[in-house]
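Below you will find one chain, with nothing else, as structure tokens; this is the form predicted on its own, and questions on how it binds or moves follow later.
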């Protein structure tokens, strides 16, 4: 007899060792997220995947699925909280979608659309972080970094390198490059590295490719993020 959890009134089977978001994905249930990727160690940094488990707020990407859990995911309260988190991500950086090369392929933008985010709500920080264009093939706009840690994990766990790290706390938090100069050109990153392609925003970009795919023909121009995410993650898990 398989074990089950209950998400929004629906019984969902799970296997021992799965997290809530993994069990949900297997069952075709979308839990909004930005920092989660099934290929990498869970990080729990963005908090978009927060669900209520037996009345307690938990990150679905790090919390294990266990028999008897009553989980609320798609509720007005949680989606309002997710919208506020997304709004804060927008105002903490400079996410100006109409002028960003990643528009239409950006997960942050797609999440905002899915949550019906119509404005930024909070005062804009207008942060002035540096842009590193020193590498011949890769550009980093630190103004767009949301500290999801995906490039850090991809560099360590897939590429076998240690190009990126997060440093500092709060308003002083920043993505740093592990090189003597602190610049990307002096690191051992390659344009073929997974870390160069995994960013969910326009923070890490491959040079000279920005408009190869026309606006209107990009990933989230054609499909909602819930459809794209479920299909992609099931493929990654070999389902």
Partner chain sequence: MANKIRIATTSLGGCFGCHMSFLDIDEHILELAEVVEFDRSPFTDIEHCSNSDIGLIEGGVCNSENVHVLREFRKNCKILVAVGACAINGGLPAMRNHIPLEECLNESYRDGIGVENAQIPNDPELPLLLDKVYPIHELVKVDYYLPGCPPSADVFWKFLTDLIAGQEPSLPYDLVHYD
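Numbering follows the first chain given and starts at 1. None of these values were measured; they are calculated from a predicted model.
The form predicted together with its partner chain exists for this protein as well; it is not shown, and the discussion that follows is about that form.
For the candidate spot formed by 139, 180 and 209, no residue has a non-hydrogen atom within 4.5 angstroms of its partner chain in the predicted complex. Although the partner is absent here, residue 117 is a contact residue: one of its heavy atoms lies within 4.5 angstroms of its partner chain in the predicted complex. Its partner chain is not drawn, but in the predicted complex it has no heavy atom within 4.5 Å of residue 167. Contact between residue 84 and its partner chain in the predicted complex is not found at the 4.5 Å heavy atom cutoff. Of the heavy atoms in residue 88, none are within 4.5 Å of its partner chain in the predicted complex. Here the chain stands by itself, but in the predicted complex one stretch of 96 to 104, 70 to 78, 158 to 166, 145 to 153, 96 to 104, has heavy atoms within 4.5 Å of its partner chain.
Contacts with its partner chain in the predicted complex, taken as any heavy atom within 4.5 Å, map within 107 to 142 to 109, 112, 113, 114, 116, 117, 118, 119, 120, 121, 122, 123, 124, 126, 127, 128.
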